[in-house]
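One chain is shown next in structure tokens, namely the form predicted alone.
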């Protein structure tokens, strides 16, 4: 976060009477301390204990500011800035100027400095354009502050030096050559009062173990789908800020990679415990920023508990192998961390997608930079705080907000050594190309799908209806593995359709925060309109709407993005809805006669994320599962998931896997070592 010459200002809320008194002496001021960065990891500050060099973290822990601002010096030669930092470092060990005297002498007649004086002296002779300042110890009523009267009396100075020449952090902050680089909010998020906290006011990013606000001219609204109202305005990270985050992650990864497997496992296990403890409040924020029903949000958080628990015990799968070759030769393999992982998440399962990438990456000893979707950017920040509370070293897990431009900066960075992406097929292709554009780096892709569910004639119809609804109506149909094509044998079509329509019409659409709600709000107005476009387009192409597809007005949330689940029939292969991923609650009924016909329709796509079938015939389930071109096949269920089982697609749906032991291949690199225990024979 730091570079030599950065000026670091500390603002409210001070935790001591001294800091409070310093703050009062400039009207409308909240700054009580200032320091100078002398390296990427440390700063020098004048404190009542003397001039100290320490890490930013140690300084924050000691000073307990409410806000920290890091400013760059602009318009001054780099050599001059570095000279100031070097001079400042040379004063480490000098005492504190407890008299604030301009002659740099303290009450013991020793050369000394107070905090802002150390900065002005470091830049002495440089055109810093500090505003003039005289020492002021008066309150707003024009009377001497009692604290300062007693302060100077104790030091043998009966007179308070009111009006003497001096400096103050609040005065230095106004220099026109200081440009704000970032704000840090070091006060921890209170996990015990998450629902009541002003979480959206904390910051947009989580970097180096702190909630951070970058200065950027590119903003985006954080929207609440359930009401359509704007919750906050946040900022995208730019190229320079991405570079800072990557460097932070790279430095932190070295320490984390050197930790033992048991140390890593303890952090992941503690993370699981904290997720479980705070499940309800995390689900509240997931619901608020995503629009899915609170019952689903809670299930998502609990699935994250399972994921962290699973990877907390994965160490034995990271072991290498010993391979004897002959009596004097052997080889062994080591599975090593891959480095800095850039993970780009989707908006439909915000915290679950983040967890699926984060837990295995951390278990393998990597650091991670997670970029959530701007449409659901909140809960990744909560996970950052939970990981920090669980003992994860600062900088190992980071969250940056961004759009496609930010993602490109992240992917192209030379120090990013692995990319994991969940999202649409077009974006995946762009990212894959970018991963080979400047430097080759491995990438895994979990992309979209156009899946099918086959309901055979021997199926239990009620079970088939349940599977069809599970395959289409979770999260308002915004699920990549959804089977929008529901293939129903003509022998059970009438009964199936009657029961499906009845159950679909009974679904409770409403406020996602209410426990009884089964269908919540779409992620955005734009996306709801897109789903409506698919429905209307299908009708124009000859499909029949059986039910749903209507905008719903929820009392008190009239501007929310609600749409009733839709069922369409009379679907033909030339229709857009037959070929494209809808990503909404639009279920297509397609009758069939034979197994061959059903399998042909199910496989009639370039995508291959999921497929399913409903049957009582075990032999048939095995036979059909082998024929379906999909990375995930569901028999008498759909959209089932477990951290123990790999998840991913084939074809246009991507490659690589999330979950299970298989994912460890993607977050590690294998090193083979050959050893000859005897003398090396010369073949020449």
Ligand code: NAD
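Residue numbers count along the first chain shown, from 1. Computed from a predicted structure; not experimentally measured.
Form predicted together with the named molecule: not shown, discussed below.
Novice: Open or blocked? Place the named molecule on this chain by superposing the surrounding C-alphas onto its site in the model of the complex, and call it blocked when 3 or more ligand atoms come within 2.4 Å of backbone or C-beta atoms.
Specialist: Result: open.
Novice: Would residue 292 count as touching the named molecule in the model of the complex under a 4.5 Å heavy atom rule?
Specialist: Looking in the model of the complex, residue contacts with the named molecule do not include residue 292, since no heavy atom lies within 4.5 Å.
Novice: Check whether residue 137 has any heavy atom within 4.5 Å of a heavy atom of the named molecule in the model of the complex, and answer yes or no.
Specialist: No, residue 137 sits far enough from the named molecule in the model of the complex that none of its heavy atoms falls within 4.5 Å.
Novice: Heavy atoms within 4.5 Å of the named molecule in the model of the complex: does residue 480 have any?
Specialist: Yes.
Novice: Within 4.5 Å, heavy atoms only: does residue 575 come near the named molecule in the model of the complex?
Specialist: No, no contact at 4.5 Å.
Novice: Within 4.5 Å, heavy atoms only, one stretch in 137 to 145, 495 to 503, 346 to 354, 98 to 106 touches the named molecule in the model of the complex. Which?
Specialist: Flagged stretch: 346 to 354.
Novice: Tell me, out of 287, 242, 609, 88, which residue has a non-hydrogen atom within 4.5 angstroms of the named molecule in the model of the complex.
Specialist: Residue within 4.5 Å of the partner: 609.
Novice: Which of these residues, 333, 175, 120, 424, gets a heavy atom within 4.5 Å of the named molecule in the model of the complex?
Specialist: When the named molecule is considered in the model of the complex, the option within 4.5 Å is 424.
Novice: Any residue of 436 to 450 with a heavy atom within 4.5 Å of the named molecule in the model of the complex counts; write them all down in order.
Specialist: The stretch touches the partner through 446, 447, 448, 449.
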